[in-house]
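Here's a solo chain for you in structure tokens, the form predicted on its own.
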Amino acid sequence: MAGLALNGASLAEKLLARGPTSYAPWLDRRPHLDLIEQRALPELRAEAWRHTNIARWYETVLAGTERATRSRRVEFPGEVEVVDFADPRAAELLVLRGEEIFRLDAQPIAALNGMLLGSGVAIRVPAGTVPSPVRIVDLPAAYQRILVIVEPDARVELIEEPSSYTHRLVEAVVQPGGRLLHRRLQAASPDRECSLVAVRVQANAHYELSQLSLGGDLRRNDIVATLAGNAANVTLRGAWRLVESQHLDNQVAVHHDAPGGTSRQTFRGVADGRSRAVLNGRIEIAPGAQQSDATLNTKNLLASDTAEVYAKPELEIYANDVKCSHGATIGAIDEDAVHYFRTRGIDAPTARSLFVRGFLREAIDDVETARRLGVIQ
């Protein structure tokens, strides 16, 4: 498949000829099939994909949807309900989700997930409970789906351990008064992968994302968070470190749809070698979402002359009683700071490592996990 020229139209034709998988037959795939049939899949020149060659990911899609492993590893406490998507009971949890959290026309490659889905789990955290963490270790397919329902006043931590996939869709609803801490751990990968995280946060509920990433041959993370209820709260933080020719593209959108919501976004990244890092962050304040308070801050380090970083914060505001701010910086390692370390007897490589660690620390809440993954040294 290497070097194959693909676009959304040619991929759509091939997938329609193949047809959907037989997994989770209760799942309504008509919207996904309709979108693919209309050939609304992204093309090379689509604005949202200007820094990531979607044709290379299409090559992976057509290469096959099976993985060597056949095991499903999900660790969860007894009070949490976990249902495989192959079980029709998962449909009941999808009803609890309510209307779709993301717009399929805005996230069209999610249609491929619906058509090629091979593994998925639906997770329900009962009202008022505070269980131990739920851990997604592995799911046995290239196309995966995770649905999380956090019922009122429940609190839970969801951990996505490093694993391989071609596309993963994570949907979460945090109901009134609930709290979800979502940790995503992305190890270095030779593969090409895309994922979508879509979250709806209801009144007085809180969603916190902590994403630690190393690069892949091609890695794309789309994150969509909607503050749907009064006084909802969203915190997004991410740290990444790229080397050699690794690629990481983060596309983040936070929608304030109700009054009194608070969102905080903090991202830090380091790009070395010939790697490429992308962060496009968007904040939208809907009409009527008065007294919203939103910030987005991203800082990036270029650790070599051949690395690339693209950072673009955006604000779209339709209410007049709000507090919003954004900022983006891209710079090189501070050689004065490195020199300061060296005057204290620290060798140059260690000095640079200490500087990078301190820089990334602003977006890391779990230093030990970041060190284990290799984001900091």
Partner chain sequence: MSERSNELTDLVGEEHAATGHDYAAGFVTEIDTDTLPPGLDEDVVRAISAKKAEPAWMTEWRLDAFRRWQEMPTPRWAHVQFPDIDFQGISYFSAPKGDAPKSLDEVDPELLRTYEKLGIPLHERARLAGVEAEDEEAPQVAVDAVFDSVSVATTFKERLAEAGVVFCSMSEAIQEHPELVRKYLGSVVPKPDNFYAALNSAVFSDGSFVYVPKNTRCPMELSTYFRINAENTGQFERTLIIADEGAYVSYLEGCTAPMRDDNQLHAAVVELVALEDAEIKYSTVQNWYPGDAEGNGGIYNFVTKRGTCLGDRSKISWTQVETGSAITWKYPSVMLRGADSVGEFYSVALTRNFQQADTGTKMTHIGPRTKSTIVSKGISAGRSQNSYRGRVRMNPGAKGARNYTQCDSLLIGDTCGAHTFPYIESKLSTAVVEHEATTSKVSDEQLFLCQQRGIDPEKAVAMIVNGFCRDVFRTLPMEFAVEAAKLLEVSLEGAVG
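Positions refer to the first chain, counted from 1. Because the structure is predicted, anything quoted here is derived from the model rather than measured.
Absent from the display: the form predicted in complex with the partner chain. The rest refers to it.
- With the partner left out here, the partner chain still marks one of 54 to 62, 346 to 354, 324 to 332, 35 to 43 in the model of the complex; by a 4.5 Å heavy atom cut-off that stretch is 324 to 332.
- Contact annotation: of the candidates 132, 304, 129, 245, the single residue with a non-hydrogen atom within 4.5 angstroms of the partner chain in the model of the complex is 304.
- A heavy atom within 4.5 Å of the partner chain in the model of the complex is found for exactly one of 230, 290, 235, 164: 290.
- Although the partner is absent here, residue 27 sits far enough away that none of its heavy atoms falls within 4.5 Å of the partner chain in the model of the complex.
- Heavy atoms of residue 49 never reach within 4.5 Å of the partner chain in the model of the complex, leaving it off the interface.
- Although the partner is absent here, residue 336 sits far enough away that none of its heavy atoms falls within 4.5 Å of the partner chain in the model of the complex.
- With a 4.5 Å cutoff on heavy atoms, residue 312 counts as touching the partner chain in the model of the complex.
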